Ligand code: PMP
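What follows is a single chain, given as structure tokens, in the form predicted on its own.
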Amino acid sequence: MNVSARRAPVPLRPGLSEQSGYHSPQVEVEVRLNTNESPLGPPDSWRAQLAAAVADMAFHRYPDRRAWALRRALAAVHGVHPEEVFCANGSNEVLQCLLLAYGGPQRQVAVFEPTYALHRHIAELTGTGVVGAWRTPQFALDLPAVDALLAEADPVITFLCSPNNPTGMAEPPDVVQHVLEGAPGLVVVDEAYGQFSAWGAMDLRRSGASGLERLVVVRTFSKTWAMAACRLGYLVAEPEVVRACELTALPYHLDALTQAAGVLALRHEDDMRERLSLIVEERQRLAGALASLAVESWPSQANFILFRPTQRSAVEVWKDLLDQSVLVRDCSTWPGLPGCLRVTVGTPEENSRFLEALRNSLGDER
């Protein structure tokens, strides 16, 4: 073929070329504390049960399109009906299905910055408009600003992330109820870190409060269930919301292995809670240590802590930690987070390495 005669490639659809993917830089280090994964893997008994399930799996057949066994198991855990549960490849696909169902051109969603970047990113990928308001300087929801935005923008979805990523703060029950009463559309509470918090919107769904028909709670197996590699998330909502998501999900989108892994994980709830208790205990240790150093930090109910060095730049500290083979997340260029870093709670040994490296960077010899 004559190269000079080749046609120009088809241009991207409008608005897509300005997008950038969601990335978490990965480098080879001894202590990786930048992606909010569980520092501990699932129990050996779960691995053995999954291996047995794989040995008997009918790989020549399509998986259960509706993931019914998994939905029944999750419904039993949360005290709801299977028709109120929708499962997908990670909570991000759950969010994508919601936005494909309820978003789109001439529609808007509301976010409150700083918050999880993929709420805005996935909305924009689906052609949905995004309107936002800023949180207070201490990262709480500014309710007058929330009320004004909801009244003016009429969003089809209002996103709350609780505990909020990257700040770590959970929304109090009265705040979620306030937003639920004022929002004109769905209120999607992203509880990727919900089990680390003392309270969650899943509790609100069982309370009989007003507006629950518009409440959607999204969770993931990546964090407390230590299954980030499996990519499994779900929502609990009214059956009509679940049916809407089923309309937008691709056929057989959730493979049989992932479904089996999720069902088996739910049989190991005691192990999950033991792992969760360790992480919460270590989070408290990290928070106490940070309070004695030259950093500003914020209270967290997640498995990470946001902090800001007060005497050196965040980039300098980040590089110092990396030189000591400790990787944390550099949030210093994110909107509303100047000079901030975020550290995932790791194992006790990893957390001690982080604190030692941070003290070295800050010049604290303790």
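Just so it is clear, the model here is predicted, and its values are computed rather than measured. Numbers for residues come from their place in the sequence shown, where the first is 1.
Keep in mind that the form predicted together with this ligand is not shown, yet the notes after this line are about it.
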| query | Out of 77 to 85, 184 to 192, 257 to 265, 129 to 137, where are the residues with a heavy atom within 4.5 Å of this ligand in the predicted bound form? | reply | 184 to 192
| message | Just to confirm, with a 4.5 Å cut-off on non-hydrogen atoms, which of Q177, Q108, S197, N165 contacts this ligand in the predicted bound form? | response | N165
| remark: None of H121, H253, R214, R231 but one has a heavy atom within 4.5 Å of this ligand in the predicted bound form; the exception is R231
| task | Using the partner position in the predicted bound form, report whether T224 sits within 4.5 Å of this ligand, counting heavy atoms only. | result | no
| task | Report whether the minimum heavy atom distance between Q96 and this ligand in the predicted bound form is within 4.5 Å. | result | no
| said: in the predicted bound form, does L141 come within 4.5 Å of this ligand, counting heavy atoms only? | reply: no
| Does this ligand get within 4.5 angstroms of any non-hydrogen atom of T158 in the predicted bound form? | no
| Which of the residues spanning 87 to 103 lie within 4.5 Å of this ligand in the predicted bound form, based on heavy atoms? | G90, S91, N92
